[in-house]
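The chain below stands alone and is given in structure tokens; this is the form predicted on its own.
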Amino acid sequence: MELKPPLVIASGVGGMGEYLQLIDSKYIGAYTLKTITLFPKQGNPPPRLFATQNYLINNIGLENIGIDAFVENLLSDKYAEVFDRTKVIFSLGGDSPDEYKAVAEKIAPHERYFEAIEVNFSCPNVKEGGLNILSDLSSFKDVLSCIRKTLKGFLIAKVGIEGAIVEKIAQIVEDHGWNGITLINTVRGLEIVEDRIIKGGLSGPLLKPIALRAVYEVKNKTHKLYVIGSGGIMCEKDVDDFFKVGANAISLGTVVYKNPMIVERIAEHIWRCYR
């Protein structure tokens, strides 16, 4: 996978391409759509977000229209503007091994539309799914094998740090013929606001040291994986740090909520320093 610049808009934050109304597409290498599951999800009830200067807790819960409606929209060119403007990464999720496999089978005839397919193996703001699969290595290996047989293109595993040692997971991903890995997803967090408990995935600046360590360990463990660094990237120095520990590309998430214009500034920094 060749991205120019090596900058990706993360799944979730980017929705279905809405931020392309605010960001000039020449500044991004690829745009990851929100995660699509086998069945539609309404997401979690509010409150869904809690933000501070240092972190964001997201409890959206993978709200999406489901794979059948997504494919229908895809074939009717509903997302044509997104594909016309940039490379697109499809994000695939599930609540069980069978659901992961089923979504892969349904998207397989349409792989040609996408630069890559990212499989979301870790989402702390849903009750089931990725965390369970990562903690059951037998099921995880089976899903990796089945999806690799089903999908022929560039496959990326998106994983967190919970459920298993991340470098061990990365080695398994590489051994099963996958091409890349996104490090890391959010981690489980909790905040209490006026006696209300808000649980969800924690992202933002506080996540950066954890994500940097994950990228560093994986790059020292594996040999071929294309590593997308993600977690707490808010400025040019953060980008430099991720490249120093071996990231092949970087993914922007929470910072896009805060200031979409930062994407252009970071892209210009990458062009200036990493040509």
Partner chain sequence: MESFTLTVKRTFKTSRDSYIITFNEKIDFVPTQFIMIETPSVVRKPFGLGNWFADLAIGVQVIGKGTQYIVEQKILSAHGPLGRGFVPPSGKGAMISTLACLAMAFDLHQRCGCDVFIGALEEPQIEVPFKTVLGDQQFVELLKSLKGYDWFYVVGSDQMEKVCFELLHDKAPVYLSFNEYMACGLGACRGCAIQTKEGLKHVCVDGPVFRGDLIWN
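Predicted model, so just to flag it, every value in this text is computed and none were measured. Numbering follows the first chain given and starts at 1.
The protein also exists as the form predicted in complex with the partner chain; that form is not presented, and the subsequent description refers to it.
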**Fill in**
Answer key, the partner chain contact in the predicted bound form at 4.5 Å (heavy atoms) among 226, 27, 243, 50: the residue is 50
**Message:** Whether residue 42 contacts the partner chain in the predicted bound form should be assessed with a 4.5 Å heavy atom distance threshold; does it?
**Reply:** yes
**Message:** Please determine whether residue 205 contacts the partner chain in the predicted bound form, using a 4.5 Å cut-off between heavy atoms.
**Reply:** yes
**Item:** is_contact(residue 56, the partner chain) in the predicted bound form, heavy atom dist at most 4.5 Å
**Value:** yes
**Request:** Would you check, heavy atoms only and a 4.5 Å threshold, whether residue 219 touches the partner chain in the predicted bound form?
**Result:** no
**Request:** Decide if the three candidate residues 90, 111 and 158 all line the partner chain in the predicted bound form, where lining means a heavy atom within 4.5 Å.
**Result:** no
**Prompt:** Hey, which residues along 249-275 are within 4.5 angstroms of the partner chain in the predicted bound form, non-hydrogen atoms only?
**Reply:** 254, 257, 258, 259, 260, 261
